[in-house]
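Below you will find one chain, with nothing else, as structure tokens; this is the form predicted on its own, and questions on how it binds or moves follow later.
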């Protein structure tokens, strides 16, 4: 079975002022990777105008593109409309579900979605007390449950989880400790460890570090553009 090459980047934060500038950085991407994953925060403020820029920058690439949205893409309360713009450009957008790509006979499964926060084992929020706190934690729990179903049903030779929020704190080193609960949740890693995957990629943590691992030993890569310092990272499975 051949090796599959995964290109990934998040937090590109495109707007009209950047039209055409990211696309030029993707020239020849097919020589380095078999698929491109976008880990959310594709816009600055989640407007339709910015969504159109993102769609145009990643439209018609010679390799498949799979994306999730991030918190910035929700800022204008138009995530469904932005997702529709991306889908119209041929980009597969995950919403706590999965897709399977045929890479020269190798079935690559990609599962995931935006993810959410809550913190990490021993220092996390719990669904106790005020309804607002219960709602915060409950949102992440529902996402983790949907990921569990998506992964359990995913039939593939290689499996990648694509998220915006981080499932581990390893890749947050450099971020202020005070904001860790808003950068991700251990619940996301817990479900991936239980159901299995070969790689997790995420964004969101601009001041974090690239490499981490779940408690179960799955590779995690923070592909936020400010962390990578290049148009995309490439990871082989």
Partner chain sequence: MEAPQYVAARVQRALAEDERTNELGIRVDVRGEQLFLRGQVSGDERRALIADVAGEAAPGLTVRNEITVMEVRGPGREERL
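Numbering follows the first chain given and starts at 1. Predicted model, so just to flag it, every value in this text is computed and none were measured.
FYI, the form predicted in complex with the partner chain isn't displayed, but the following is about it.
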In the model of the complex, segment of 137-145, 97-105, 112-120, 70-78 with a heavy atom within 4.5 Å of the partner chain: 70-78
Please check if residue 236 has a heavy atom lying within 4.5 Å of any heavy atom of the partner chain in the model of the complex. yes
Contact label in the model of the complex: residue 23 to the partner chain, heavy atom within 4.5 Å: no
Answer yes if any heavy atom of residue 213 is within 4.5 Å of a heavy atom of the partner chain in the model of the complex; otherwise answer no. no
Although the partner isn't part of this model, could you tell me whether residue 65 comes within 4.5 Å of the partner chain in the model of the complex, counting any heavy atom of the residue? no
Scan 1-35 and note down the residues that get a heavy atom within 4.5 Å of the partner chain in the model of the complex; none is a fine answer too. 3, 5, 17, 18, 21, 25, 32
